[in-house]
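Okay, so here's just one chain, in C-alpha coordinates, the form predicted alone.
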(Lines give C-alpha, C1' and ligand atoms only; values in the text may rest on other atoms or scores of the structure.)
Protein backbone atom coordinates (compact mmCIF):
# COMPACT_ATOMS: atom_id res chain seq x y z
CA UNK A 1 0.00 0.00 0.00
CA UNK A 2 1.70 3.14 -1.23
CA UNK A 3 1.78 6.56 0.42
CA UNK A 4 -0.87 7.85 -2.01
CA UNK A 5 -3.39 5.24 -0.94
CA UNK A 6 -2.50 5.71 2.75
CA UNK A 7 -3.13 9.43 2.51
CA UNK A 8 -6.43 8.82 0.75
CA UNK A 9 -7.57 6.46 3.51
CA UNK A 10 -6.63 8.97 6.20
CA UNK A 11 -8.56 11.74 4.43
CA UNK A 12 -11.67 9.58 4.14
CA UNK A 13 -11.53 8.64 7.83
CA UNK A 14 -11.12 12.29 8.81
CA UNK A 15 -14.20 13.17 6.79
CA UNK A 16 -16.14 10.41 8.55
CA UNK A 17 -15.53 11.90 12.01
CA UNK A 18 -17.62 15.11 11.58
CA UNK A 19 -20.40 13.12 9.89
CA UNK A 20 -20.68 10.80 12.89
CA UNK A 21 -20.55 13.80 15.24
CA UNK A 22 -23.49 15.50 13.51
CA UNK A 23 -25.48 12.25 13.52
CA UNK A 24 -24.84 11.71 17.23
CA UNK A 25 -25.94 15.26 18.10
CA UNK A 26 -29.14 15.05 16.06
CA UNK A 27 -30.16 11.61 17.28
CA UNK A 28 -29.34 12.36 20.92
CA UNK A 29 -31.28 15.62 20.80
CA UNK A 30 -34.35 14.10 19.13
CA UNK A 31 -34.54 11.21 21.58
CA UNK A 32 -33.99 13.35 24.66
CA UNK A 33 -36.65 15.84 23.54
CA UNK A 34 -39.12 13.15 22.48
CA UNK A 35 -42.33 12.74 24.49
CA UNK A 36 -42.07 10.43 27.46
CA UNK A 37 -39.75 10.00 30.41
CA UNK A 38 -37.34 7.05 30.83
CA UNK A 39 -37.72 7.37 34.59
CA UNK A 40 -41.43 6.60 34.24
CA UNK A 41 -40.49 3.39 32.48
CA UNK A 42 -38.04 2.37 35.19
CA UNK A 43 -40.44 2.97 38.09
CA UNK A 44 -43.59 1.81 36.31
CA UNK A 45 -46.55 1.41 38.69
CA UNK A 46 -44.30 2.12 41.68
CA UNK A 47 -43.79 5.74 40.63
CA UNK A 48 -43.05 8.16 43.43
CA UNK A 49 -41.87 11.70 42.93
CA UNK A 50 -39.01 11.37 45.41
CA UNK A 51 -37.75 8.17 43.75
CA UNK A 52 -38.13 9.74 40.33
CA UNK A 53 -36.10 12.77 41.44
CA UNK A 54 -33.32 10.51 42.71
CA UNK A 55 -33.20 8.53 39.46
CA UNK A 56 -33.10 11.69 37.34
CA UNK A 57 -30.22 12.93 39.44
CA UNK A 58 -28.47 9.54 39.28
CA UNK A 59 -28.65 9.27 35.49
CA UNK A 60 -28.20 12.99 34.84
CA UNK A 61 -31.65 13.55 33.31
CA UNK A 62 -32.08 16.70 35.41
CA UNK A 63 -29.08 18.38 33.80
CA UNK A 64 -29.09 20.60 30.68
CA UNK A 65 -29.22 18.79 27.36
CA UNK A 66 -25.67 19.69 26.32
CA UNK A 67 -24.31 18.44 29.65
CA UNK A 68 -26.14 15.14 29.16
CA UNK A 69 -24.65 14.84 25.66
CA UNK A 70 -21.08 15.46 26.83
CA UNK A 71 -21.53 12.92 29.63
CA UNK A 72 -22.97 10.39 27.18
CA UNK A 73 -20.01 10.81 24.80
CA UNK A 74 -17.59 10.41 27.70
CA UNK A 75 -19.31 7.20 28.77
CA UNK A 76 -19.44 6.05 25.15
CA UNK A 77 -15.67 6.46 24.88
CA UNK A 78 -15.37 3.94 27.74
CA UNK A 79 -17.76 1.46 26.10
CA UNK A 80 -20.79 2.46 28.19
CA UNK A 81 -23.89 2.71 25.96
CA UNK A 82 -26.22 3.73 28.78
CA UNK A 83 -28.90 1.96 30.77
CA UNK A 84 -31.84 -0.10 29.58
CA UNK A 85 -35.21 0.91 31.00
CA UNK A 86 -36.85 -2.17 29.45
CA UNK A 87 -34.35 -4.63 30.96
CA UNK A 88 -33.68 -2.96 34.28
CA UNK A 89 -31.07 -5.51 35.37
CA UNK A 90 -28.91 -4.96 32.28
CA UNK A 91 -27.09 -2.09 30.63
CA UNK A 92 -27.66 -1.18 26.99
CA UNK A 93 -24.36 -2.86 26.17
CA UNK A 94 -25.48 -6.11 27.80
CA UNK A 95 -28.72 -6.02 25.83
CA UNK A 96 -27.36 -5.10 22.40
CA UNK A 97 -24.06 -6.91 21.90
CA UNK A 98 -25.24 -10.54 22.35
CA UNK A 99 -28.23 -9.97 20.07
CA UNK A 100 -26.15 -8.16 17.45
CA UNK A 101 -23.72 -11.10 17.49
CA UNK A 102 -26.53 -13.56 16.77
CA UNK A 103 -28.03 -11.47 13.97
CA UNK A 104 -24.60 -10.73 12.48
CA UNK A 105 -23.72 -14.40 12.07
CA UNK A 106 -27.01 -15.16 10.34
CA UNK A 107 -26.78 -12.00 8.23
CA UNK A 108 -23.21 -12.75 7.18
CA UNK A 109 -24.03 -16.24 5.97
CA UNK A 110 -27.12 -14.91 4.16
CA UNK A 111 -25.06 -12.18 2.48
CA UNK A 112 -22.41 -14.67 1.33
CA UNK A 113 -25.11 -16.95 -0.09
CA UNK A 114 -26.95 -14.07 -1.81
CA UNK A 115 -23.90 -12.77 -3.65
CA UNK A 116 -22.44 -16.26 -4.07
CA UNK A 117 -25.52 -17.23 -6.08
CA UNK A 118 -26.49 -13.86 -7.55
CA UNK A 119 -23.16 -13.03 -9.20
CA UNK A 120 -22.76 -16.29 -11.21
CA UNK A 121 -26.48 -16.28 -12.06
CA UNK A 122 -26.16 -12.74 -13.42
CA UNK A 123 -23.08 -13.64 -15.46
CA UNK A 124 -24.79 -16.74 -16.84
CA UNK A 125 -27.93 -14.81 -17.78
CA UNK A 126 -25.92 -12.07 -19.52
CA UNK A 127 -23.90 -14.57 -21.55
CA UNK A 128 -27.17 -16.29 -22.55
CA UNK A 129 -28.78 -13.02 -23.66
CA UNK A 130 -30.97 -13.51 -26.72
CA UNK A 131 -31.95 -17.05 -25.75
CA UNK A 132 -34.88 -18.31 -23.64
CA UNK A 133 -32.46 -19.11 -20.81
CA UNK A 134 -31.90 -15.47 -19.95
CA UNK A 135 -35.53 -14.52 -19.09
CA UNK A 136 -36.19 -17.98 -17.64
CA UNK A 137 -33.38 -17.75 -15.09
CA UNK A 138 -34.14 -14.17 -14.07
CA UNK A 139 -37.90 -14.81 -13.89
CA UNK A 140 -37.38 -17.76 -11.55
CA UNK A 141 -35.47 -15.67 -9.03
CA UNK A 142 -37.90 -12.73 -9.42
CA UNK A 143 -40.79 -15.05 -8.62
CA UNK A 144 -38.96 -16.17 -5.47
CA UNK A 145 -38.29 -12.55 -4.57
CA UNK A 146 -42.00 -11.73 -4.91
CA UNK A 147 -42.97 -14.13 -2.11
CA UNK A 148 -43.45 -12.20 1.18
CA UNK A 149 -40.93 -13.08 3.86
CA UNK A 150 -43.55 -14.25 6.37
CA UNK A 151 -45.07 -16.54 3.73
CA UNK A 152 -41.66 -17.95 2.81
CA UNK A 153 -40.89 -18.48 6.50
CA UNK A 154 -44.09 -20.46 6.95
CA UNK A 155 -43.59 -22.53 3.79
CA UNK A 156 -39.99 -23.48 4.57
CA UNK A 157 -40.86 -24.36 8.17
CA UNK A 158 -43.75 -26.55 7.03
CA UNK A 159 -41.74 -28.32 4.32
CA UNK A 160 -38.30 -28.81 5.82
CA UNK A 161 -39.21 -29.06 9.51
CA UNK A 162 -42.69 -30.55 9.75
CA UNK A 163 -42.89 -32.67 6.61
CA UNK A 164 -39.30 -33.69 5.89
CA UNK A 165 -37.99 -33.40 9.45
CA UNK A 166 -34.60 -32.13 8.29
CA UNK A 167 -34.33 -29.32 10.82
CA UNK A 168 -36.01 -28.32 14.05
CA UNK A 169 -38.07 -25.23 14.75
CA UNK A 170 -36.83 -24.43 18.27
CA UNK A 171 -33.83 -22.09 18.18
CA UNK A 172 -30.72 -23.82 19.53
CA UNK A 173 -28.08 -21.32 18.43
CA UNK A 174 -26.21 -20.35 15.30
CA UNK A 175 -23.95 -23.40 15.40
CA UNK A 176 -26.78 -25.88 14.84
CA UNK A 177 -28.82 -26.93 11.82
CA UNK A 178 -31.55 -24.52 12.93
CA UNK A 179 -29.63 -21.71 11.24
CA UNK A 180 -30.22 -23.20 7.76
CA UNK A 181 -33.81 -22.06 7.28
CA UNK A 182 -33.31 -18.47 8.50
CA UNK A 183 -30.28 -18.09 6.23
CA UNK A 184 -32.17 -19.46 3.23
CA UNK A 185 -35.19 -17.24 3.85
CA UNK A 186 -32.94 -14.19 4.16
CA UNK A 187 -30.64 -15.00 1.25
CA UNK A 188 -32.67 -16.48 -1.60
CA UNK A 189 -35.08 -13.57 -2.24
CA UNK A 190 -32.13 -11.19 -2.60
CA UNK A 191 -30.50 -13.23 -5.37
CA UNK A 192 -32.79 -11.66 -7.98
CA UNK A 193 -31.56 -8.11 -7.35
CA UNK A 194 -27.89 -9.11 -7.35
CA UNK A 195 -28.33 -11.21 -10.50
CA UNK A 196 -30.09 -8.41 -12.40
CA UNK A 197 -27.44 -5.88 -11.40
CA UNK A 198 -24.62 -8.23 -12.35
CA UNK A 199 -26.34 -9.08 -15.64
CA UNK A 200 -26.55 -5.40 -16.59
CA UNK A 201 -22.92 -4.85 -15.61
CA UNK A 202 -21.73 -7.82 -17.69
CA UNK A 203 -23.75 -6.71 -20.71
CA UNK A 204 -22.13 -3.27 -20.57
CA UNK A 205 -18.68 -4.89 -20.43
CA UNK A 206 -19.42 -7.24 -23.34
CA UNK A 207 -19.55 -4.29 -25.72
CA UNK A 208 -16.04 -3.04 -24.85
CA UNK A 209 -13.23 -3.21 -27.40
CA UNK A 210 -10.87 -5.17 -25.16
CA UNK A 211 -13.36 -8.05 -25.00
CA UNK A 212 -13.45 -8.29 -28.78
CA UNK A 213 -9.66 -8.04 -28.85
CA UNK A 214 -9.28 -10.85 -26.30
CA UNK A 215 -11.51 -13.11 -28.36
CA UNK A 216 -9.74 -12.13 -31.59
CA UNK A 217 -6.46 -13.28 -30.03
CA UNK A 218 -7.91 -16.76 -29.71
CA UNK A 219 -8.14 -16.87 -25.91
CA UNK A 220 -10.31 -19.55 -24.38
CA UNK A 221 -13.86 -18.43 -23.65
CA UNK A 222 -13.39 -19.30 -19.96
CA UNK A 223 -10.34 -17.05 -19.83
CA UNK A 224 -12.23 -14.21 -21.48
CA UNK A 225 -15.16 -14.61 -19.09
CA UNK A 226 -13.23 -14.85 -15.82
CA UNK A 227 -10.22 -12.60 -16.49
CA UNK A 228 -11.80 -9.88 -18.59
CA UNK A 229 -15.60 -9.89 -18.40
CA UNK A 230 -16.30 -10.90 -14.79
CA UNK A 231 -13.35 -9.03 -13.34
CA UNK A 232 -14.33 -5.69 -14.88
CA UNK A 233 -18.05 -6.22 -14.34
CA UNK A 234 -17.40 -6.71 -10.62
CA UNK A 235 -16.26 -3.09 -10.15
CA UNK A 236 -19.82 -1.64 -9.87
CA UNK A 237 -20.76 -4.60 -7.66
CA UNK A 238 -18.31 -3.37 -5.02
CA UNK A 239 -20.73 -0.56 -4.16
CA UNK A 240 -23.63 -2.99 -3.78
CA UNK A 241 -21.61 -5.33 -1.58
CA UNK A 242 -20.26 -2.49 0.53
CA UNK A 243 -23.67 -0.93 1.16
CA UNK A 244 -25.04 -4.35 2.06
CA UNK A 245 -22.48 -4.90 4.82
CA UNK A 246 -24.21 -2.72 7.48
CA UNK A 247 -27.36 -4.79 7.01
CA UNK A 248 -25.55 -7.85 8.34
CA UNK A 249 -25.90 -6.61 11.91
CA UNK A 250 -29.43 -5.25 11.44
CA UNK A 251 -31.30 -8.52 11.59
CA UNK A 252 -34.67 -9.25 9.97
CA UNK A 253 -37.80 -8.79 12.04
CA UNK A 254 -40.15 -11.29 10.37
CA UNK A 255 -37.44 -13.94 10.16
CA UNK A 256 -36.45 -13.57 13.80
CA UNK A 257 -40.05 -13.63 14.99
CA UNK A 258 -40.97 -16.50 12.68
CA UNK A 259 -38.10 -18.73 13.80
CA UNK A 260 -37.91 -17.53 17.41
CA UNK A 261 -34.43 -16.05 17.01
CA UNK A 262 -33.33 -13.76 19.88
CA UNK A 263 -31.76 -11.27 17.48
CA UNK A 264 -31.38 -7.51 17.38
CA UNK A 265 -34.32 -6.82 15.03
CA UNK A 266 -36.86 -8.10 17.54
CA UNK A 267 -35.08 -6.25 20.33
CA UNK A 268 -35.18 -3.03 18.26
CA UNK A 269 -38.95 -3.33 17.93
CA UNK A 270 -39.37 -3.84 21.67
CA UNK A 271 -37.07 -0.89 22.41
CA UNK A 272 -39.07 1.37 20.08
CA UNK A 273 -42.40 0.35 21.64
CA UNK A 274 -41.19 0.64 25.26
CA UNK A 275 -39.53 3.17 24.60
CA UNK A 276 -36.01 2.23 25.72
CA UNK A 277 -34.14 5.47 24.91
CA UNK A 278 -30.53 4.48 25.48
CA UNK A 279 -30.95 1.22 23.57
CA UNK A 280 -32.57 3.07 20.64
CA UNK A 281 -29.78 5.66 20.67
CA UNK A 282 -27.09 2.97 20.78
CA UNK A 283 -28.69 1.09 17.88
CA UNK A 284 -28.96 4.21 15.71
CA UNK A 285 -25.37 5.23 16.41
CA UNK A 286 -24.16 1.70 15.80
CA UNK A 287 -25.95 1.55 12.46
CA UNK A 288 -24.65 5.00 11.49
CA UNK A 289 -21.07 4.00 12.26
CA UNK A 290 -21.43 0.85 10.16
CA UNK A 291 -22.93 2.79 7.24
CA UNK A 292 -20.24 5.50 7.29
CA UNK A 293 -17.46 2.91 7.58
CA UNK A 294 -19.00 0.94 4.71
CA UNK A 295 -18.80 4.03 2.50
CA UNK A 296 -15.18 4.56 3.52
CA UNK A 297 -14.38 0.92 2.68
CA UNK A 298 -16.06 1.31 -0.73
CA UNK A 299 -14.03 4.43 -1.51
CA UNK A 300 -10.82 2.74 -0.37
CA UNK A 301 -11.51 -0.34 -2.51
CA UNK A 302 -12.17 1.81 -5.54
CA UNK A 303 -8.98 3.77 -4.87
CA UNK A 304 -7.04 0.52 -4.46
CA UNK A 305 -8.40 -0.93 -7.71
CA UNK A 306 -8.31 2.28 -9.75
CA UNK A 307 -5.47 4.71 -8.83
CA UNK A 308 -7.22 7.46 -10.81
CA UNK A 309 -9.78 7.76 -7.99
CA UNK A 310 -7.29 8.77 -5.31
CA UNK A 311 -5.30 10.84 -7.81
CA UNK A 312 -8.40 12.83 -8.71
CA UNK A 313 -9.29 13.28 -5.05
CA UNK A 314 -5.80 14.54 -4.27
CA UNK A 315 -5.97 17.07 -7.09
CA UNK A 316 -9.39 18.20 -5.91
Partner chain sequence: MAIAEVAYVPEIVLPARRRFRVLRQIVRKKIAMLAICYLLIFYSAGLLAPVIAPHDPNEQHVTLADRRQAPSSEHWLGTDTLGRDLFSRVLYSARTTVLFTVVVLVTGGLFLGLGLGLLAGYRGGWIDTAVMRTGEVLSGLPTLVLMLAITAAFRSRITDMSFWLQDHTFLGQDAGTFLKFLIVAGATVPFAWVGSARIVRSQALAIREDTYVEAAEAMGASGWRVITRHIFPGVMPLWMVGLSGSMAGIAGAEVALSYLGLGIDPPGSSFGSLIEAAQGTVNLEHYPHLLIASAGPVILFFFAWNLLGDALVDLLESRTTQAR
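Treat the numbers as computed from the prediction; the structure is a model and nothing was measured. Numbering follows the first chain given and starts at 1. The term rigid core refers to the maximal set of C-alpha atoms that superpose within 1.5 Å between the two forms.
Not on display, but discussed next: the form predicted together with the partner chain.
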Please tell me whether any heavy atom belonging to residue 284 falls inside 4.5 Å of a heavy atom of the partner chain, as the geometry stands in the predicted bound form.
yes
Indicate whether residue 163 is a 4.5 Å heavy atom neighbour of the partner chain in the predicted bound form.
yes
Proximity of residue 68 to the partner chain in the predicted bound form, heavy atoms at 4.5 Å: no
Q. Do residue 196 and the partner chain share at least one heavy atom pair within 4.5 Å in the predicted bound form?
A. yes
Among 155-163, 74-82, 92-100, 105-113, the stretch whose residues bring a heavy atom within 4.5 Å of the partner chain in the predicted bound form is 155-163
Exercise. Do all of 6, 120 and 296 end up near the partner chain in the predicted bound form, with near meaning a heavy atom within 4.5 Å?
Worked result: no
Partner-free chain; cross-checking the partner chain in the predicted bound form, the single residue of 13, 19, 25, 301 with a heavy atom within 4.5 Å is 19
Contact with the partner chain in the predicted bound form, heavy atom within 4.5 Å, among 238, 151, 133, 180 goes to 151
Applying a 4.5 angstroms cut-off on non-hydrogen atoms, the residues of 263-291 near the partner chain in the predicted bound form are 268, 269, 272, 273, 280, 283, 284, 287, 288, 291
Is_shifted residue 28 between the shown form and the other one (CA, 2 Å cut-off, rigid core):
yes
Residue 297 C-alpha shift between the shown form and the other one of 2 Å or more, rigid core reference:
no
